[in-house]
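Okay, so we've got a single protein chain in two different forms coming up as C-alpha cells, structure 1 first and structure 2 after it.
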Structure 1
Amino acid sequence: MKKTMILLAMVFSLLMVVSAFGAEPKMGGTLVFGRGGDSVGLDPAYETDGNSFLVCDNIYEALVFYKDESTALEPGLATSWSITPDGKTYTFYLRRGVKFHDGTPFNADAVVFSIGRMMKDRNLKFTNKNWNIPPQDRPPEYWVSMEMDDTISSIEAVSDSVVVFRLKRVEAPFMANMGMDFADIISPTAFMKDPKGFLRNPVGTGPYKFVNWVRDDRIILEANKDYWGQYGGPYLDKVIFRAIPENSVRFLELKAGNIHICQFPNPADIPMAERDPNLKIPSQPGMNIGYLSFNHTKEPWKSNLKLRRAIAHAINRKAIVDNIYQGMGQVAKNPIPPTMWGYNTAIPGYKYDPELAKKLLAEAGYPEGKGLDEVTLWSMPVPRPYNPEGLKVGIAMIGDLKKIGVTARIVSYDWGTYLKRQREQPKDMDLFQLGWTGDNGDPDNFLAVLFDGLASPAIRTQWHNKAYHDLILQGKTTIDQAKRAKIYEEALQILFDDVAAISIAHSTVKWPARKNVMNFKLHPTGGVRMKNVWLDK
C-alpha cells in the first residue's frame, strides 16, 4: 500500500514537472493590449513618451539589446563589437541576412542613416549609397538630452556589415545608450519615401510589423514571418494596442476578457485582480526613483547639514509607500534602484526616528523648529511613474515635519510651470519633490543628471560637492564596469552622508493580465516586448 502511494506520488510529481516544462509555446492568436493613451508617433528618434516607445519596441531593433529582465546588454542587430583601448572608437559587426519589413536589406548604411540623421553636424560615410538625409523634423529629444552631439564625432560604414563610431570623448555609458529606443535602426528607403509621414508608417526589422493605426483607438501589428531570430517568437498572429483612457474602464475590459493586458490600473483595483481566478499580475520593480530634495542655492539648506539630516529622519517613508503607493513600491535607500549595478548595499537609508530628528534640529540651531521660517514644500500636481500622487505625499510629509516642530506648506503649479520654475531654484522653494525614470540602466543616467550640480546650473538638485563631481566624471570616463561600480558606490556614500536629497521610493509596476497570456515580462525600462509572448488556448 505504502509502496503504491510512493509510486503514485512519484508519478504525480513527474507529471507536474513534465507539464511545467511541457508548456510549449503555441502559435497564433491576437493579443489586445489595453493602455491609457495612444502613441504620439512611431519614429523612435523623435518620440518622448512611453506609449510611443512600447509600440516601437516591437517594430524596431537596435544594435544591442537589453536582456529580457535587466538592462545588461546582449547582441542585437550587431553580433559583436570592439572598443579601442583609448575608449574612443567603437566598431560594430552587423548581423547578416536581416531584412526590413519593406524588403530593404539591413546593412551598415542603414545604421549610418538611422543614427546619423539625429546628428547636428552630419559627419557620415556610407559604403554604397550616399543618402541625402532631409533636415530634422524637430530636435531629436533623446539624442539631445543624452548629449550625443557632444559624444559622437563621426559614423562610418567600413563595409556592408561593419560600422565604426568615433567619439569626441570617452563616454562609458555609450554602449548602454545604443540599446535605447532612440538608437533603433529604421529602413532608409521607407524613410526617404516619405520623411514626414514615416512616424505614421514605421518600418523596422523587429518581430512585428506595422499594419494600421486608427488614431486614439488602436494600432495593429502583425507577425513578421521573415524575422531573423532562430529561437522564440513571434508567436502571435497580431498584436493590437488599444487606447482606453479611463483606468477603471480599462480594468473592466480586462475582467470582461476583451483585452489581455491592462496597463497602469488603479492601485485600488489590484486586490480585485488578485481575487479574480482568470487574471494574473506580472510585476516588475521600476527603474525609477521618487525623491525629496533641497534648494541648495539658499540658506539654511545650503550649509546646514544637521538641518538636512533632521528632515531626512523626520519623514516616514514606509507609511508613504504603504498608504499612498498602496504597496506598489519599495522604500528607497539609494537614489538608484537596487537592481542596478553600482548600488551601494552598505547604505542603510535614513531611519524614521522623530526623536533623533528633533535632536538634530536643535543641534542645527532650531530647537523645536523655533527660528525656522515656514518651509515651502513643492509637490508635483500630476501622477508620475515614480510617484502616484505627489500632492498626497507632500501632505504626508508636512504632517511628519509638524511632529518635530517644523511648519511647512505645499506649493504646486501646473506641471509645465512646476518643471520650469523648479529649475530656476526660486527663493520661494525650500524643499521639492521630483523623480526620474532610468533610460539605459547606467548609474550615470541617475547620478550625473540628477545630483551633480557642479556639472551644470540646469541640474535640478544644485548640490555642489567637488568630491562627488570628480567621481561622476571619473565614472563617465572609465570603461571597466567593475571599476565603475566601485566609483558609483563611493559617490552614493557621499550623497547619503551629505544628504544631498532624500530618496523616498521606487515604484513597482503591476499590470494585470489574463491567465492565458504566457511569457509576458515587464522590462525595467518600461518597454513592452511581445516577441516571446504567446496565448494559451
Structure 2
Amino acid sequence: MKKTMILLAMVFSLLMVVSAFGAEPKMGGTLVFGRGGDSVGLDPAYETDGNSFLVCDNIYEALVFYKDESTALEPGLATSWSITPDGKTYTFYLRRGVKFHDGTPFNADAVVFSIGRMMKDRNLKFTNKNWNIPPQDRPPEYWVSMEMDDTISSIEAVSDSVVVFRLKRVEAPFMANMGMDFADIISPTAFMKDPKGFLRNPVGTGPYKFVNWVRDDRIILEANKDYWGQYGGPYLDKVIFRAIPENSVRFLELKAGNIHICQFPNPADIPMAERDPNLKIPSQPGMNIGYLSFNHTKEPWKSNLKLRRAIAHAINRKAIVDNIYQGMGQVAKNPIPPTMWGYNTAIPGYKYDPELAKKLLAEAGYPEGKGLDEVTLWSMPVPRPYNPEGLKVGIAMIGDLKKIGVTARIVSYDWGTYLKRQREQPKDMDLFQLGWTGDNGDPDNFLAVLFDGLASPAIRTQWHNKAYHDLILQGKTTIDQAKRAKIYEEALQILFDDVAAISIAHSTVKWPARKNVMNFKLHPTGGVRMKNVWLDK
C-alpha cells in the first residue's frame, strides 16, 4: 500500500509539471539566446552587469530562489531557514546530496567560503576544511555598496548541512538579498585552483555548466545531467549566449531563425514581430530605472544645485520615451518603479521647461552657458532593459542641452571599459547614463545601491547627503514595511529636491522569441532562467 501511495504521488507531481508547461516538455536541442553585449565576467561576487548575471543565472544557485515572474522567496540550496526573535541570527538548513559541476560536494563549508570571501574582516568557521581564501583581487562591488561588512558579523558552518549567519544589526532586506546573484554559491575547489581565472571558468550547482567562451562572440553552456532538481529541467542539451550588438541585426537573426530569443529589439521592430506567425513576444513590466547622473566628485556638478536643476529641466524626457522607447516605456518621476512599495506619488518629476532651465543656468553663474566648459555626456554602448539605445538617448540629450546654451559631446567605450572607468569617477566625465533592474523587489536595492554615496565609494553616483544616508540606514534596520515605506518616501523627496540624478524612464521589457521556444518567462529582476525552457521541434 505504501509503495502504491508513493507511486501515485510521483505520478501526480509529474502531471503537475506537465500541466504547468501546457504540454509535455521535450528533451534535447540547442537554444541560441541573442543579446546586446558580452559578459564582463562570470564570478557573481564581482560582477554588476546584467550581461554577466544572465549567464550566471544558469550556472550558479543561491540559498534562496525568487519564484517565477516574482520576487517572492522560495527554498533554493537551503530547504528552510529560521530567524531569531531579535532578527540578528539566521540559520539555513541546506539541501543534501547536491554536487558542484566539478563533482565536489555542496555543503556548509562551500556557503561559508562563497559568502565569506567577500568579507573585509573574515570571521568564518568551517567544519571540514579550513579554506585559506586569498586576498580580494578587486572590491566586490555589490557587497561593498550594500554595506554588507557593516551587516554580517560572522558566518559559521555548524555541520555539513547547517550554516549560521550572525548580524551586527537588524537588516530588513537580508533574506531578499540572499537570493541575489552576488550571494550565489561557488565551488571552493574550482576557485582555489585558479582564483584569478575563475571568472572565465565558473563552477556552480546550477542546471547548466560552463563549456566555452569566445570573447565578444558567444558563451556556451551544456546541461548538467547530475542536476539535483527533483522535477523539471534542464531539458535543453546546450544554451548558447551570442553577443550581437546591433539591435536591428539581432532582430533579423531572430526572423531568420539563427537565434531563438532576441533580447532588447528596437521598439520599432515590435509591430513587425507581432505580425510574424513564427514569433511570439514574452512581456514583463520593467522593475527598472534608466537615469542620467552627474559626476558628484567634480565641480561645478558637486556643489552647484541650480546647475543640476537647469540640466534636469532642459532634458525632454517625454520626447525621449516617445521617440526612442516607442511605447515600451514611461517617463519616470521616482528612481524606483511605480509598482514598488515606498514609491512617492507626491513627486511631480522634472518638467521639461527650456525657459526655466535657462533662468536656472543664469542663476547658477552660466548665463546662456557662458563660462561652462564643454560637457562630456557618457552614453552606454549596449542596449539594457532600462534603455533600448543609449547612444540615441545621448544624442537627444545633447540636442536638448544645446537649446539652453550648453555645449555637450557624447563619450562612449565598450561596455566593460565603460563600467570600469565610470566607477572611477574620472575628471573627463561630467554626466553619465546608467540604470538599474531591481535585484530583489525591495526599495533598498535601488535607493541604497544607486545613490547613497556616503555608504561606500563603490556607489556609482557618489552623491553625498547625510539626511538621505541616515534615512537609508533607518530603512534597513526597520522591520515594519509600512514604516519603511514612509522612510523611503521621505528619502525620495530629498533625492528629488537635491537633483542627485535625473530619472528618465521605466521600460516595459519585450523580448521576441521563436514560436517553438516553450516556457520561457521574463523575470522582474531581468534574470534569464533556462532550467525549464524547452524546444518544441
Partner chain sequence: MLGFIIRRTLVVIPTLLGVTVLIFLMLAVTPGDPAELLLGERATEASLEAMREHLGLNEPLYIQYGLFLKRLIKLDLGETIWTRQKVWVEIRERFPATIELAFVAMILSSFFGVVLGLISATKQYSWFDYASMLGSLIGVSMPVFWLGLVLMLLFSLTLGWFPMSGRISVETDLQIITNFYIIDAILTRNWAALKDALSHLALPAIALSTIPLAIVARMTRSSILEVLRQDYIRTAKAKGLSQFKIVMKHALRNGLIPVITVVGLQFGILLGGAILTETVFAWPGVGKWIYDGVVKRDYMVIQGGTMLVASTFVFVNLIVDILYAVINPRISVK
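Residue 1 is the first residue of structure 1, and the numbers go on in sequence order from there. Throughout, rigid core stands for the largest set of C-alpha atoms superposing within 1.5 Å between the two forms. Computed from a predicted model, the values in this text were never measured in an experiment.
Student: Form predicted on its own, is that 1 or 2?
Tutor: Structure 2.
Student: Should the larger rigid part be superposed on its C-alpha atoms, how many degrees would the smaller part be seen to turn between the two structures?
Tutor: Rigid-part rotation, C-alpha based: 34 degrees.
Student: Looking at D480, what is the CA displacement between the two structures after core superposition, in angstrom?
Tutor: Displacement of the C-alpha, rigid core superposed: 6.0 Å.
Student: Fit the two forms on their core, then tell me the C-alpha shift of H506 between the two structures in angstrom.
Tutor: Residue shift at the C-alpha: 3.2 Å.
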